[in-house]
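In the block that follows, a single chain appears as structure tokens, in the form predicted on its own.
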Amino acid sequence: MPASLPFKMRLPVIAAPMFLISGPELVIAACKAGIGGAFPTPNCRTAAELDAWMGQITDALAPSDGPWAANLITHSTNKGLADDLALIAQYRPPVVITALGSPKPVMETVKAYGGLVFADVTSLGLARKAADAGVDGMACISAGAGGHTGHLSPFAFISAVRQFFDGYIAVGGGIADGAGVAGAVAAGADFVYMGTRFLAASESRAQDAYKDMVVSSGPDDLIVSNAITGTNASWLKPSLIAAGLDPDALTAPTARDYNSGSAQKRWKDLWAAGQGLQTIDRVMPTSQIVARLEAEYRDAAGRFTALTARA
């Protein structure tokens, strides 16, 4: 791992925060396996539950484990942001990732204890605003990402952001194997933000039927639509059909609403995924997923080294 990275990690991968999917079990398993683990705070219905989750995570992790991150929605519809920030100040996650709003509301709290702020961005316009706000890093959500997705190619996004930002870049979007991780690092990213690959992890909170659909589906089984949440997201067509929706008739966007109660109702039976589906062939523990990623990463790095040696 490059010495310039702020954490000791087995691989430059963060198990991305997934709504209703990422709980303390997945975060702890990811960090114990040597990568980063993250969860969105709206996965907790109450401040007391969030307090318990953060306590469980911090009690389980050792300094030698990978870093954990809390993902906060800073959009105005998140009425629990003040409670989230109070717990952030108490438990001090090494990284706080903001999404669906400006990172400014969290900056003072996180900087006060020496944490890093990463902004989740889906466009160059948002990336420039995040850079102006003084974030330490960005999670560049690119085309191919599951859930709320971007439109730029990961390689194009990395290259463009590097023109004006010298902080940490985590890139996500269709990267689900170690070769993709190596390619992103070679292109200028510091980390890969990987969600879909961990949907079918044993520690994932996805329903068994959801995990089975992830294993049996491929990229052609996805559709990107803003009709469910008001923001473009990548959905599994079979889950929409099972819920009585016609994937070809999702034309009317809803008003944006990211508060946890109403959002959970929408996402419970409508399932998201990214374009990395094809590499997922079975449900397995996070430790085994990371071991496979590491082997693929080393193979890709070795191939790259061999090719450049002949140049």
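In this text, residue numbers run from 1 along the sequence as written. Quantities reported herein were computed from a predicted structural model and do not represent experimental measurements.
Just so you know, the form predicted in complex with a small molecule exists too; it's not on screen, but the next bit is about it.
- From the list 129-137, 186-194, 106-114, 156-164, the contact stretch for the small molecule in the predicted bound form under a 4.5 Å heavy atom rule is 186-194.
- Contact with the small molecule in the predicted bound form, judged by any heavy atom within 4.5 Å, is made by just one of 174, 101, 80, 94: 174.
- In the predicted bound form, at least one heavy atom of residue 71 sits within 4.5 Å of a heavy atom of the small molecule.
- Within 4.5 Å of any heavy atom of the small molecule in the predicted bound form lies no heavy atom of residue 168.
- Residue 40 belongs to the set of residues with a heavy atom inside 4.5 Å of the small molecule in the predicted bound form.
- Taking non-hydrogen atoms only, residue 180 never approaches the small molecule to within 4.5 angstroms in the predicted bound form.
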